[in-house]
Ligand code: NDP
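Coming up is one lone chain in structure tokens, specifically the form predicted on its own.
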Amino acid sequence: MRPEHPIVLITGASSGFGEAMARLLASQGCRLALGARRAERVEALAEELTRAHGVKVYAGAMDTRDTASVDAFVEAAAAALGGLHVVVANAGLASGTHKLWEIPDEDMEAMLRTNVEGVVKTIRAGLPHLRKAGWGHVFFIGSTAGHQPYEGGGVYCASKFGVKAMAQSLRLELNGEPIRVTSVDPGMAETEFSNVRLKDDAKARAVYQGVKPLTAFDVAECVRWCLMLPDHVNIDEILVKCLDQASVHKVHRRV
């Protein structure tokens, strides 16, 4: 049975989509488990949300690339909060814009380990708690890059096509269980994404020049809406772009 205030685990919760989801879901009364490599940021966020909304928040270090780190965080969070109902596999990144034959190992491995392996490890650790609770929802945070590849993004796109495949596979595998599966796949959204990818703040700002992109809260609202729908409704996939972006290669920019 769906709880009135679900317990939600969010990876990569120190900034961007993860932070926005935490803020929005806390305002709805959800209890939260916030994990990120930048532990000090999620711990500060947890204190802020507890003061503002009176909700219980567990926060700490979690590196989704490391099995022991994921398992330890999930078990500690479930023990502290009394279980888990929702897993949001949000942690992800893009590193560089290299052509496929140029990409350094460190960029390739960072994307594949975080965007693919990290998602598997997160869901593998969280799913037993959702089953134990008897009701659950798994969210994958994908990308338009998982629907349409582009130059300079071969490995990143491959990782997000992988997220799409995992979401679709899990939906089939959980059919008949009271656990919903949703993939939220955003296009251009102004967060730290481009700063991390390009390692240059000026270049990152140029990505959104003349465009009104999605915000992190727009994506968080997609998660909130899917979560709050009646239990018999499963939104398999949301492909969400700002109005100015018609496709990966077609963006309207105001001069």
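From 1 onward, residues are counted along the sequence shown. Bear in mind the structure is a predicted one, so any value in this text is a computation, not a measurement.
Beyond what is shown, the protein has a form predicted together with the named molecule; the following relates to that form.
Novice: The named molecule isn't shown here, but in the predicted complex which of A52, A206, A44, V196 has a heavy atom within 4.5 Å of it?
Specialist: After the contact test, the surviving option is V196.
Novice: Can you tell me whether V223 touches the named molecule? I mean in the predicted complex, with a 4.5 angstroms heavy atom cut-off.
Specialist: Outside the cut-off, so no.
Novice: Please check if L34 has a heavy atom lying within 4.5 Å of any heavy atom of the named molecule in the predicted complex.
Specialist: Looking in the predicted complex, residue contacts with the named molecule do not include L34, since no heavy atom lies within 4.5 Å.
Novice: Could you confirm whether L93 comes within 4.5 Å of the named molecule in the predicted complex, counting heavy atoms only?
Specialist: Looking in the predicted complex, residue contacts with the named molecule include L93, since a heavy atom lies within 4.5 Å.
Novice: Given that the partner is absent here, does G136 sit within 4.5 Å of the named molecule in the predicted complex, heavy atoms only?
Specialist: No, no contact at 4.5 Å.
Novice: Choose from 44-52, 24-32, 226-234, 182-190 the stretch whose residues reach within 4.5 Å of the named molecule in the predicted complex, heavy atoms counted.
Specialist: Selected stretch: 182-190.
Novice: Could you run down 157-183 and flag each residue that has a heavy atom within 4.5 Å of the named molecule in the predicted complex?
Specialist: The stretch 157-183, when checked against the named molecule in the predicted complex, contributes only K160 at the 4.5 Å heavy-atom cut-off.
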